[in-house]
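Next up: a single chain in structure tokens, the form predicted alone.
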Amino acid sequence: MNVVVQKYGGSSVADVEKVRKVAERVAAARRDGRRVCVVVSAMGKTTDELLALARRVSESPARRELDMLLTAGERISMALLAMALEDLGVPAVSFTGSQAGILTDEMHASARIVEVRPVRVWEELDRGRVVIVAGFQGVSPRKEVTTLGRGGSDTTAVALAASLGADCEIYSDVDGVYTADPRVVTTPRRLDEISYEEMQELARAGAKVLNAEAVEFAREKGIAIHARATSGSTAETVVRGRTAPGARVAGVTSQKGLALVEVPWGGLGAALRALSRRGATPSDLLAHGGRALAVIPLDNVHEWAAARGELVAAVPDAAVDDRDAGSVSVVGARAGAGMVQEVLDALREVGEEPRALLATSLRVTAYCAAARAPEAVRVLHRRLVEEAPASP
């Protein structure tokens, strides 16, 4: 039988009834003659609730202890799903990341997978069991529990698929990748297929459908990702291949919760070292006129106040903009000078001036007030997608 890795996000396992529905979907795949390995996220908002609990105890919790705490969320999901499958008559077993052989580096809260040794996964698949793996977590060479950062369950799924030679299916509450977040734009278009490069750029720019590191892993290993809805829709978006020549816009997205860190070019190394000690990794780096700008997404930085203090101590003339900083981005083969002007025009239409601008071959990003970014997304989507011919 062929093997499939299915990943279910937090919204798919948010309550007991949804866990049962996921169990029914997994059981159906098993009846179709496939060996199934399932990766699960924590239920609903469990990770956020655990983070809030930690901050009630400590203003600056140690990252190692945060990893110990946060990995409990996925362990709850995996055990409940195993129970639900057993009730359906489907043999199942749950594994933590370490039990499944997910080996990472030693960076707590933002570890990277370095190797997967799925010995126990294969043993249980060969015994006819569904194997359920806790996403978002692994184990370091020193046997420390580590987490992979926000969206890390996607990376777990892709890494397991690569090690098992399996198909990879990512399930969430939307049936694929859209040209904009359906919660922001009322008439987005679903893409039947999107390239690894386009998906990575969308993820880096704030799109929450897939994790950027997972897409990078998939591209390196040649794993196609099928993004589907847990609800049972037959629609999907397949992530694979290279960006085709042409002029399509793959997506328009926004991001909030950023810190824009500007330092003299000569102080960039010291700034990055200070930030990395607290797990603050730039998503983008810009340089001009002897100054460098590091863009830090704060959703995975658990000690930002401490990181900010260490940064200023290391580079006293650093300028930090972390109040209502966000971005708006357009991703696609049309990125270039003309697209830069489109983004600037959209920001001006909503009464905003960019704080910084990044343009690559596939993405144009303007950093701006986070509160204005969704409105700019709607303007850009209307002009570049809704009023343009549909792209394949």
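Predicted model only: the values in this text are computed from it and were never measured. Don't overthink the numbering: it's just position in the shown sequence, from 1.
Below, we refer to the form predicted together with adenosine-5'-diphosphate, which is not included among the displayed structures.
TODO: Specify the contacting stretch among 114 to 122, 97 to 105, 182 to 190, 315 to 323, defined as having any heavy atom within 4.5 Å of adenosine-5'-diphosphate in the predicted bound form.
DONE: Going by heavy atoms within 4.5 Å, the stretch is 182 to 190.
TODO: Verify the contact flag for residue 217: yes if a non-hydrogen atom of it lies within 4.5 Å of a non-hydrogen atom of adenosine-5'-diphosphate in the predicted bound form, no if not.
DONE: Contact check for residue 217: no, nothing within 4.5 Å of adenosine-5'-diphosphate in the predicted bound form.
TODO: Find out whether any non-hydrogen atom of residue 85 is located within 4.5 angstroms of adenosine-5'-diphosphate in the predicted bound form, and reply yes or no.
DONE: Contact check for residue 85: no, nothing within 4.5 Å of adenosine-5'-diphosphate in the predicted bound form.
Task: Touches adenosine-5'-diphosphate in the predicted bound form: residue 279 (any heavy atom, 4.5 Å) - done: Outside the cut-off, so no.
TODO: Answer for residue 173 alone: is it within 4.5 Å of adenosine-5'-diphosphate in the predicted bound form, judged on heavy atom distances?
DONE: Result yes; residue 173 sits at the interface with adenosine-5'-diphosphate in the predicted bound form.
TODO: Note which of 240, 208, 75, 291 lies within 4.5 Å of adenosine-5'-diphosphate in the predicted bound form, where distance is taken over heavy atoms; exactly one does.
DONE: Of the listed residues, the single hit is 208.
Task: in the predicted bound form, the residue from 225, 131, 177, 311 that sits within 4.5 Å of adenosine-5'-diphosphate by heavy atoms - done: Flagged contact: 177.
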